[in-house]
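This document starts with two versions of one protein chain, written out as structure tokens and named structure 1 and structure 2.
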Structure 1
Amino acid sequence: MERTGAAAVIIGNEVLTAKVVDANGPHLIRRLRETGIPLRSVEIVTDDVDAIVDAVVRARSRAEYVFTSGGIGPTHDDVTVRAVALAMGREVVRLPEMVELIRNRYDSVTGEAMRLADAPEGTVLLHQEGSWFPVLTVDKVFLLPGVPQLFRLQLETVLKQLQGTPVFLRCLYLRLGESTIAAVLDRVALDMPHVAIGSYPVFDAELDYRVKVTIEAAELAQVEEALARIRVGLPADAVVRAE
């Protein structure tokens, strides 16, 4: 099976125990969408080497690009570097360029701080403005920090290196329930397999619609054709608005 798109592994006991609300996963989803890189999966795992290894292996089996978030600091629970190396069958090595960056950064360098220089063998550093700490990347796996501000900064550095195909999206807000519109959506989806059609009901009486329908594809003409077909198949007063 050809590996395409991206997969993410969010690492941290603090996320799974609700000490911290994960902000990196939703941000990554949004930015990949805007860049045009399809996201295949997002998995949240603990700060456990075996759990991270398993998640990275799964991610690499389905996606071309893998993003990890968290676990690359100098403390005892920062085990992502070792786990990624194991998942890829590589050794952990100390990068001379990182050693120099750390020595230039700190007046007094501790052994713990020097752990920041460790990375899977073959790691390439992507430097960026606004941060002394570069992105660690090895064979299309990008090891990003868990701190949201740093994650976002480093993610933008990575996305500049990648190419995607943005999709076109239109939305219909309908006052009818899903059971009423299902046949129309089924027919258009069958006739136009290259267009992704989604149906999302809501149950909030304060909203002015009951179902949000999304239509998306790589070509605008296909999106507009599918939208027109759906509208023709619905009662005249079904559409609250279109976006």
Structure 2
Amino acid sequence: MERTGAAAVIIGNEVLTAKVVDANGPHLIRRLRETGIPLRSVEIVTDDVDAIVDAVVRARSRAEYVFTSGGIGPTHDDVTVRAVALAMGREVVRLPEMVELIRNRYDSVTGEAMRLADAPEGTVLLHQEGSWFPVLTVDKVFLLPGVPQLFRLQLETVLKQLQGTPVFLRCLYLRLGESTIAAVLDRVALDMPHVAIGSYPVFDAELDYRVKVTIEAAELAQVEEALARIRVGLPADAVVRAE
């Protein structure tokens, strides 16, 4: 598999036990799309070192950029730093720059607060506008906090540094069922491997279509060609509308 695009690992017992609905995953998905960075996978795992190591290793094997959400903090359930270090074969070290920030931040510093200064060896800190806590980055792995406000703030700091490629998208809304259009879509998908064709049936009598077909590619001309080929292959009255 190509190591391009991004992958996300959401560390969250609270999500998997339905205490909160994850907002960071959907937000990341939308912002990466807007930035033009393809997303390979999103995995939600428990606050368990082995599960996080496993997920981060896999994320790094399939994507260039890895975003983690959560498990950054001073309590016993904050194990992301340790897990990311293990996944990358690095030691956990205390960062002098972070020690300084923590000393400036707190009047009296507990030993537990100082845990915030620990990070995988080689971690680079990005200054975070509007917060004393910087973004922890290690070789294209971004360790973002789970608290949604902080996650969003830090994500923007990271995205400013990355370069995306816009994707062109057209949609066709059809009044035929999937079984009837499958052969046409098959043929075009097979002939044009750089175009991503999606087929999404709806089962809602209120809607004026039965299947939405999406056509995407990095080049507009390819999208238009695929769209034209699909239209030609369908019965004349099949298309409710194109967008």
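It should be emphasised that the depicted structure is a prediction, and the values quoted were computed from it without experimental measurement. Residue numbering: structure 1 sequence, from 1. Rigid core (definition): largest C-alpha set, two forms, superposition within 1.5 Å.
- Matching each structure to its source, the form predicted on its own turns out to be structure 1.
- Relative to the larger rigid part, the smaller part rotates 12 degrees between structures 1 and 2, based on C-alpha fits.
- Relative to the superposed core, Arg231 has its Cα moved 5.5 Å between structures 1 and 2.
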